[in-house]
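Subsequent text provides structure tokens for two forms of one protein chain, presented individually as structure 1 and structure 2.
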Structure 1
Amino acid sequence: MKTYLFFLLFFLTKLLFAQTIADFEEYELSSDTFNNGSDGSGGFISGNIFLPNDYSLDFNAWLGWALSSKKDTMTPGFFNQYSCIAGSGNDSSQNYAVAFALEPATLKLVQGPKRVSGLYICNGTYPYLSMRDGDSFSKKFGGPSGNDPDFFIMTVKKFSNGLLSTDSINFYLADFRSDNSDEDYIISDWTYLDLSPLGEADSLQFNLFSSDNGIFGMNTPAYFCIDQIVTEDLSTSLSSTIQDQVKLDLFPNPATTFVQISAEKQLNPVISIYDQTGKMMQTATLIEGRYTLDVQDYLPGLYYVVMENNTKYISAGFIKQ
């Protein structure tokens, strides 16, 4: 009996602390390329997270998130906006995510609230070289004397139950505030940021602030890179979460011609369907908790259904044969 209880406790402990890592390696990016959402995908799913992308066909411009395998650490300026100054993803991996955060960048959790344990973060080549050397828009950090107390800081907050928390975690992408100039730095390597103190969240919000500002706002290029986002698979408030969890049902699965999508306790939520590359296939609204998805023209493979309702994101997958 004691042996049984020991293994049961061991199993539950492993289950409660299971983790998923979002590393974007499932996206088939060629080496030294990028995906900025110009295909209309609307964002990227990896692990337990969804990174929204807003691409404008009218202006050929994007906001939010892009995926990249760019390696250029030498070329300054806007035309190198997709590169990481580390030259690769974390641990020399190929793919990573780039945020263009003129407005706060949002990372959304799918399958209900989760705790983001942490992630790796690095400067993009564009902002790094801009801060190090200065350019036509931005000053050289430290100024001519090297003594200007410049900084480039990220503030991370969480949304929980649709409300923005007052709790936050700060991370300096560059810091020249010390009286000792030898302590000045601009982040050039992937650095782990512990986000576990924020607790469970529906989404995370990333805000950028700089000491270098002008009449149109921040002069420092509003970019940063992330990789290997670690999430806990089960809620710390396990019993209440399981009791209140909304289930997204897909039938039949695997499917050939159609998939019946249903969700109890939901009032006409919006759903989005994505393929394995993160491309958005279509959106729809569940009427009275149901929708029949025609998949006859879908290529064989794995697809994700992401449901949004009251700032909650729940996902489920199905296979098209």
Structure 2
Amino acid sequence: MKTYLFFLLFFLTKLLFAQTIADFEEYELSSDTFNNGSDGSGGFISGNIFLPNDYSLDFNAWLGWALSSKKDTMTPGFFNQYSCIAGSGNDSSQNYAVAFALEPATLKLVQGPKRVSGLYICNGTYPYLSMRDGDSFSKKFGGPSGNDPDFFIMTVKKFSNGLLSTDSINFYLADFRSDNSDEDYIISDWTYLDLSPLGEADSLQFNLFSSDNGIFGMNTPAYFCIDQIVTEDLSTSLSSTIQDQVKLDLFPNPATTFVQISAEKQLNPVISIYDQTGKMMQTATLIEGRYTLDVQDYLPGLYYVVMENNTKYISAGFIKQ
């Protein structure tokens, strides 16, 4: 009887607090390459999370998140911006996500608010080598004497119901503040960051700060890598699949008054529009695969159109000018 009750409780616990891990392995990246959103997808979905990407087709420039399988731990500089200093994803997995966080990087939770238990985090090769050796724009951490109290810190806050939390979780990607220089470090391995104290969230916001700043802002390269993001969910059946054959087209982009949304094939005629913080702006229904979205009242910024059913998601981003 006790054994029966134990298995019943275990099953209920699994059902109530099932964990979903977003590890990006469902993306078929070739080895040692990256996806910086140049396909205009507007972001990446894995597990219960959506990582927005803002790619400028005019200038071939990106901001937000990219996916990577890069392995280069030796080459310094901007041209190695997609590599993780660990040389792979966590647990030697192939894929991981890279944030280019000149502005706060947002991790959006799909299918409603969820608690993020934690994630693995690591420095990119570019910031790691920049902090270790210095480069044309950034100082060597510690300075010439090795005694400068430098730091590179990430703060994580949550958005819930459109409000940004005042509480945050801090993580030092590099810390040279100790009087004992033997304690100085720059993160070079995947490190687990417990985010459960933040509680349920619509989205998480990652901010980077450094002791090395100038008139152009932070000099330390604004990159970090994450992998294996664990979310807690009531449902055990969630999994994400990107449907290559389904594509959302948005025109014009950037837009000022309206955006024409069209999809040749649909997962679901209902679409949701989110802002950068993860706040849902509205839902709409495609009619014959089309919908004209009025954005005149939207504030300037980046927005995401997400089409979803229980197990599958497709998204695209647009800019309101």
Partner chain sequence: MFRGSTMLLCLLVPSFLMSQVDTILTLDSVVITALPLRSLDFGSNVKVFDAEDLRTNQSSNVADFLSDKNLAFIKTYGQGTLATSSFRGGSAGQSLVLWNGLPVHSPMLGQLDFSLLPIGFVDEIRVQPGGNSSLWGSGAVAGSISLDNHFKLPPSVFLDFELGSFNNVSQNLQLRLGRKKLKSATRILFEKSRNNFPYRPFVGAPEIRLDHAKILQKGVMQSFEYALRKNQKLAFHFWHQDTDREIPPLLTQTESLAQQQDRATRMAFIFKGEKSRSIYEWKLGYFAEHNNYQDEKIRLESANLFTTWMTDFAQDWIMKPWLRISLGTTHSYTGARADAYSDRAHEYRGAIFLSSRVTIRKLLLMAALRKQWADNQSVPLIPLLSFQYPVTPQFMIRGKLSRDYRLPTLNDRFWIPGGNPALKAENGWSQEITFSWDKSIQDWSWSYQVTGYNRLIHDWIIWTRKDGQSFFSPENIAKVWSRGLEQNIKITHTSAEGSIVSTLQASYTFLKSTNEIAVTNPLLAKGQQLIYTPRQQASAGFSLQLKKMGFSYKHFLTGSYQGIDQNLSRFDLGAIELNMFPILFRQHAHLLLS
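All figures in this text were calculated on a predicted structure; none of them were measured in a lab. Along the sequence of structure 1, residues get numbers from 1 upward. Rigid core (definition): largest C-alpha set, two forms, superposition within 1.5 Å.
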Report task. Have a look at both and say which one is the form predicted in complex with the partner chain. Result -> 2
**Report entry** CA of Ala284, rigid core aligned, shift of 2 Å or more between structure 1 and structure 2
**Finding:** yes
Query raised in the report: Honestly, after the rigid core fit, is Asp294 moving at least 2 Å at Cα between structure 1 and structure 2?
Result: yes
Query raised in the report: After fitting the rigid core, is the C-alpha of Phe34 off by 2 Å or more between structure 1 and structure 2?
Result: no
